[in-house]
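Given as structure tokens, the chain that follows is alone and in the form predicted alone.
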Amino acid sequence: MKTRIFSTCLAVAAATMLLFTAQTSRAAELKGQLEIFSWWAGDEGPALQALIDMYNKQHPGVTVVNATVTGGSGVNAKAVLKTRMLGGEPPDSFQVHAGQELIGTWVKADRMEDLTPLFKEQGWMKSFPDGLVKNIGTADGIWSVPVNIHRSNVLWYIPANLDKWGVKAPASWDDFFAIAPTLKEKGIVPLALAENWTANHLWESVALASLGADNWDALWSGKLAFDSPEGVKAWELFGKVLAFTNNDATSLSWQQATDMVVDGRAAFNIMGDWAAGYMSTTKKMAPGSGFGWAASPGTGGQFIFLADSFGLPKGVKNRDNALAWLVLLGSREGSDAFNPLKGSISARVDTDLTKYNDYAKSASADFGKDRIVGSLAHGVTANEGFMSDFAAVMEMYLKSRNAQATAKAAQQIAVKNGIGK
């Protein structure tokens, strides 16, 4: 009986592989439409357009429908996507942060196709780092194709401004607190901040500095409680940092917070390295001389990573066209066309670094040697349920500044959303 079952499983696997192979081999003959769903608009639009242009050249018979929903970090797009997925009208492929944002939500709900056969057909098991493949997969399959690697814990500044003000980029939060009062006296905001999700983004850099990488990972495995003494200390440090941010943060986009640094109204901003894409592509500033960067204070030698990826929902209207899109995204050519414009680095191990600027080369080198940990704000460490609840916890903290109560609330939502179970 076991032999018969095993033989059946092999037959199913072989048939699935043949199905993927047949579909990708017919790629040049594709017709109809391809709807891609993302939140890449405005300053991030050129990178997406570069991929669409490549797809149009490869598959001229397909009309690409760019269903972009604007909003930083996909806040608005995720709400629209939820309505469509639950309503039985999924886009052909959609952008999602690799990790638990997809796995803990749509994979858990059995709404995604396993892409393992595609990975094997394209040779991607060797093209992407093992650690990344583990983060986009489970014991039951691989669920999305990574387009890039972004770094969350980056401190941005303008070298000429720091020279003018007589300060240096802080390596620790103690360094920051030493220079922040001087900057405030000059009428300069020490640290630019924007709307709620950027507060979540800042929190993960502060928390990593406070906790260390081992305890950060322990939070997400359930081995360290959010309301532990260590967890409370992270919120206390966060409160001290917030005292040196701008009062109008909730009314600003992340680009506007970056503009404060570019214009000299603020000294620093902690943002993902899409800010490098914004400054180099939109603002036409040169990495290194025009703008500078460092690991966020207290996180040197550590790399908070996130990856944008695309998956294949079950029951899509244009499955073959979507598979061809995924093939492009995972290719070296697609990756190296997209990432230099986006400000990110390639997820592939064989990227052509000659096509990247000095910031990307620096980030790529760090990714190869630093301790890698996952981002909360961008979907690696926790599912969408926790992330949604955490936004409410953050709102509570921004109003109360009560570290004990906030840490307790964070632990409650961790239990509610199954962290550590």
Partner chain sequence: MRNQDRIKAVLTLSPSIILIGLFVYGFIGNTFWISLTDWGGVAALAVNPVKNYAGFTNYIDLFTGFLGGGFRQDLVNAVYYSVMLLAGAIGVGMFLAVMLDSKPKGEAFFRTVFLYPMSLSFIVSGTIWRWMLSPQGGVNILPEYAGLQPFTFRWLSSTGSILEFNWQNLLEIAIYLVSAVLLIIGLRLFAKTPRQSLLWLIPGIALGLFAWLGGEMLPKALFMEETHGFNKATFGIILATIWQYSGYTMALYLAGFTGISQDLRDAAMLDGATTASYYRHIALPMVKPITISAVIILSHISLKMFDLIFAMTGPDNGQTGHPALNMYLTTFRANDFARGAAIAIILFLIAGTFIIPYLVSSYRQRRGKP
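Numbering follows the first chain given and starts at 1. Bear in mind that the values here come from a model prediction, so they are computed numbers and not experimental data.
This next part talks about the form predicted together with the partner chain, which is not shown.
- Remark: none of the three candidate residues (221, 224 and 343) comes within 4.5 Å of the partner chain in the model of the complex, counting heavy atoms only.
- The partner chain in the model of the complex is approached by residue 395, whose closest heavy atom lies within 4.5 angstroms of it.
- The partner chain is not drawn, but in the model of the complex it has a heavy atom within 4.5 Å of residue 388.
- The shortest heavy atom separation between residue 82 and the partner chain in the model of the complex is within 4.5 Å.
- None of the heavy atoms of residue 182 is located within 4.5 Å of the partner chain in the model of the complex.
- Note on the interface: of 39-47, 378-386, 364-372, 350-358, the segment with non-hydrogen atoms within 4.5 angstroms of the partner chain in the model of the complex is 378-386.
- A heavy atom within 4.5 Å of the partner chain in the model of the complex is found for one listed residue only; from 298, 90, 117, 104, this is 104.
- Interface residue among 178, 125, 286, 86, judged by heavy atoms within 4.5 Å of the partner chain in the model of the complex: 86.
- Along 392-420, a non-hydrogen atom within 4.5 Å of the partner chain in the model of the complex is carried by 395, 396, 399, 405, 408, 409, 412, 413, 416, 417, in order along the sequence.
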